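Following this are structure 1 and structure 2, which are two forms of one protein chain, each written alone as C-alpha cells.
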Structure 1
C-alpha cells in the first residue's frame, strides 16, 4: 500500500518539478516523463501483487475534510483497472517526451507535464479511492487536468471549442454523481464505500443506478452522452489522446462497476438497459467512425464503439446475474473487463501511431495521406497490429475479449427463456455486425493512410518517427500479440476482479473458459505455422523465376495519377449510404454547368447527429433563456450590493417564520 502512495507521490513530484523547470523545455520533459515512468513502475508492483494473490489491502488516514476520510482500498477490481493506467501512462509519457519537443519553442511544456502527472495520479486515485469525497476530488482533478491537456493548442478555435464542450459535458456528468453519492451517504450514514453496500431500499436502487449510468456513462462516452468524445480526443496531443481514450474513459466503466457492487443483484431491466446502451454505442460508434475524414476523429469514434462492446459485456453479465445463470454472468463480466485492458493496449497503440503520422505529414486528413508504409515501415507495422486487434480478428487480443462476450451471450441464448435469450441473441448479432463494420473501417484507415501512393506532397515527404516514439508503440504491439496468444493464462487471472463484482467465486468458470481459449491459441499457432509454410512455399516457387515490376493495372488509361486512387470517403460510401438515415451526412456538390467544366468539387460532412439535433437546440434554448436574465446584470456595483441586501433580507425573513 505504501508503495502505491509512494508511486503517486513520485508522479506528482515529477510533475511539480517539471513545472519549476518551465524555462528549459527539454529538462521539463525529462523530469515529467521520468517521474511518471518511475512512479508507474512503482505503482504496478502492488497492483500486480493484489491481482495475483487476491488479497485486499486498504489504508485509512486521518483527514480534516468534512464528511471525507482518506481511505484507499486496493482490491482485485481496483488492481485490474490500475494495470492499464500505469502501463499506458508510462509508455505514453515516453512517447510524449519526444512528441512534445516539436512544440518547445511555442509552448510552456512544464505546465503540460504538470497536468499530465496530475492526470495520471488522479486516474490512479479514482481507481483506489474508497470514500465518496476523495473519489469526487480525484474525479474532478482528472477532469480539470485533462481539460488543460485538451486545450494544449488553444490558439486554434476548434481546440478551444472542443475543450469547452468537454468541460461542460464532464461537469454535467459529475452533476449526476453528486446526488447519487448523497443518496448513498444519507442512507448509509457515511460516505465511505464500505458502508454503501446494500444500504439502499429497493425502490431507490433503480434511481441510483440510472444516475450512475448517466454520470459515469458521460465520462465513458456511451451514446447519447458521447458528444464531447469525438471533439476532445482529436484536439489533444496524441499521447494524451491515447491516455484519455485508452484509460480515462474507462474510469467511467470502473465507476459503473463499482456502483454495481454497492447495489447487489440487479433486476433484469438494468441488464437490458446496459446491453441496449452497449449495442447502440457499438453500432453507431463504428458507423460514425466510418464516415470520418479525420484519422484521430475516426479513432475517437472507435472508442465509443469499444465502450459499447464493454457495456455489452457488462450488460450480458448483468442479465446472466439477475437471471441466475452464473456462467453467463461470469463470462460476460470477464469479457467486458478484459476488453477494458485490451482496448487500452490497442487504442493506445493506434493513437500513438496516428500521432506519429500527424507529426510526419502535418495532416490528419485521411484522404491526403497514402503510401506511408514505405516511409514509415515500423509505424505502419505497429498500426497494422493495432488495426487487426481492434477489428477483433484472431490471433490478437481484441478477439479474445470479444470471444468471451460471444461465449457468454451464446451460453445464455441457448439455455434461457425468451426474455433472456432474445436480448442475448441480439447481442450476438450486433457484435457480429460491429465486428464486420470495424474491420471495414480499419481496412479503410490502414489501407488509405499507409498503402497505395501518397495523395499529397506532405505524405510523400514524410519520414519515420523518432526511436523514442517507436519504442512505446512496439511495446504495445508486442503486448497485443502476447495477450492474444496467452489468453488462457490471462483470463483466469481476472477471477479476483470478477468475483469482487458478483460476490461469488468466478475461478472455476474462468478455468473452464480458459480451456476454450487454449484451443483458440492452438488454432492461432497453427495459423502462424501455416502462414510461415505458405510464405516458404511461395519463396521456393518464386526462386529462380522471373519476378518483374510493372505499374498497377490501369485498364489501359495512360496517365494515372495518385489522386485517382480510391479515397477513404469513397471506400466507406456504400456503408455510409446504407446508414444515411442515422448519419445525416451533408453533401456539397456544385452542379456542373458547361460541357467541359474546368474544376469540380465534392464535399461531405458528417456532424454528430446527436449533437446537432439534441444538444445544440437544448443549449441554444438555454442560452436564450439566460439571455433574458441579462437585464439583471448591469455591471453596476451598486446594484449588485442591492441584490445582496435583498437576498439577505429575504433569507432572514424566511428564517423568521
Structure 2
C-alpha cells in the first residue's frame, strides 16, 4: 500500500507545485502533467500486482473522525478500476500539457493543473476507500475539482450553465448516498466497509439498493439522471472530457458494484431494475447522439449509451446470480466490468480526437467540418479506430465486452423460466439495436467530419495536431487494437474482480469464454490477412498499367461545391425520423418566397426530453418558491437573531417533550 500512497502523494505534490507556478504557464503544465504521469506510473504497479495475484492489501490508521478508522483497501475489484484511472489520467495529462497552451495568455493554468491532480487522486481514493467518511470526502473532492475544470472557460454563458447544472446534479446524487451510508452505519455500529456485509435486515436492503442506484447512477449518467452529462462534457477542455467520460462516471458504476458486495445475493427485481435502466439508457443515449450537431455533444450522449451497456451487463449478471445460474452471473458481470475498461480506452481516444479537431478548425459544429482526413491523417485514423471500437465491431476491444453480455443473455434466456428469459431476450435485442445505431452514428460523425470537402474556411485551413497530442491518441488506438486481439488473455484476468463481487470462483467459466474468443480472433486475423492479400494482388496486377483517378459523378453539375454534400442532419434523418415521438425534434425553415431564391436555411433542434419535461419545470417551481421566501430576508440583523432564538426554543421544546 505504500507504493499506492506514494503515487497519490506525487500526483497531489505535482498539482500543488503547478499551483505555485501560476505565472509561468509552460512550467505549470510541465510540473502538473509530469507529476500526474509519474504518480500514475507508480500507482499502476500495485494495481496490476493485486489484480493478477488475486490478493488483498489494506492499511488501517486511527484518526479523529467519528465512526471508524482511516482505511484503504486494494482488492481485485478496486485494482481493476484503478487501471483505467491511472492509464487514461496519464495520457490525458500529456495531451493536456499541449492542448492548454493556447490559453496561456488568458488563463492561470496552475490552478487548472491543481484541480486536475486533485481529480485524479480523488478518483483513485474513491476506488480504495474502505470507510464511508473517507469515501464521501474523496467523492466530494472529485465533484468540486471536476466542477472547476468544467468551468474552465467560464467567460462563456453556456459553460457557466453547464458547470452549475453539473454541481446541482452531483450533490443531488450525494443526497441519496448520505442516508444509505447512515442506514449501514446505524446497523453495523461503524462506517467501516468491512462491517457492512450482512448487517441490514431484509426490509432495508431494497431501500439501500435503490438509494445507491439513484445516488451512484446520477454520477454514472443513467437516464433519467443524465441531464448534466451532455452539458458538462462538451463544456470542459477535451482532455478533461476524456477523463470525465472515460473514468469519472465509472466511479458511479464502482459504487453500485461495491454496494452489491455489502448487500449479498440480490432479489430478482434488482436485476430487472438494473437491466431496464441499462436498456433505456443505451437505446435513448444512442438515439439522442444521432440527432446531435456538436461533435463533443454526440460523444457525450454516447457516454450515456455505453453506461447503459455496462448496466445491461450488470443487470444480466444480477439476474443470473438471483436465479442460481453461476455461468450467466459470471459472464454478465465480466461483460459489464470489461466494458468499463474498454469504454475508457475508446471514449478517451474519441474525445482526444475531437479536441484535436476543435483546435485545428476552431469549431465543434459537425456541419462546418469535412475533408479533414487529408489535413489530419493521423487524427482521422485514430478517430476511425475509436469509432469501430465503440460500435462493437470485431476485432477491436468493444466487441469483446459486448460478446460476453450476448453470451450471458443467450445462455440464460435458453435455460431459464419465462420470467427470467424474457428480460434476457430483451437484452439481446436491445444490444443489437444499440450496436446498429452506434455504427450509423459514427458513420455520420466520421464521414461528415473527415471525408468529403471542407464546409468552411476553418476546416479548409486545418492542420495536424502537435506530437504531444498525437502520442496519447496513438497509444489509446493501439490499446483498442491490442485488447481486441488479446481478449482471450484479458478476459481470464477479470476472474478475481468477478469473484469478489459474486463470492464464488469465476475463473473456469471465464477461461471457457476465452476459448470462444480465441476462435473469433483466429477468424478475424484470417480475414485481415485475406484483405491484405487482395490489396497486394491488386497492386501487383495494376503495377504495369496506367491508373487514373477522376471525381465521382456530380449529378450533371460542372462545378460541384461543398454545399451539395450530405449534412449531418440529412444523413441521420431516415433513422431519427423513426424515433420522432421520442426525440421531438423541432424544425425551422423559412418559407420560400420566390422561384429562384438566392439563399435558404434549414435548422433542427433536439431538446433533451428529461430536462425539458421534468427537471426544468421542477427547478422553475423551486425558483419561484425561493423567490417568495425572500420576504424573510430584510437585512435586519435583529430579525435574524429572532429567527435563531425561535429555532433554539423550538429545538429545546422538542427535546424536553
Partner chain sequence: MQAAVFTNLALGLVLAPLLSGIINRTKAAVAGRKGQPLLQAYFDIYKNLRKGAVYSTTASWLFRAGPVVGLAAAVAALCIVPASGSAAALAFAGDLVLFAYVLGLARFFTVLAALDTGSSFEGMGASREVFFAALAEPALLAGLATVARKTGTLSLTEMISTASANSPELVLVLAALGIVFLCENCRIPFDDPTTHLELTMIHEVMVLDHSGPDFAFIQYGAALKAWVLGSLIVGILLPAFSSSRPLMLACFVGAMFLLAVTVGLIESGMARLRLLRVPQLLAAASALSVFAFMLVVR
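Given the structure is predicted, the values throughout are model-derived calculations rather than measurements. Rigid core (definition): largest C-alpha set, two forms, superposition within 1.5 Å. Residue numbers count along the first chain shown, from 1.
Looking at the condition given, the form predicted together with the partner chain, one finds it describes the source of structure 1 alone. Core-aligned CA deviation for residue 651 between the two structures: 2 Å or greater.
Shown in the overlay between the two structures, fitted on the rigid core, is a CA shift at residue 617 smaller than 2 Å.
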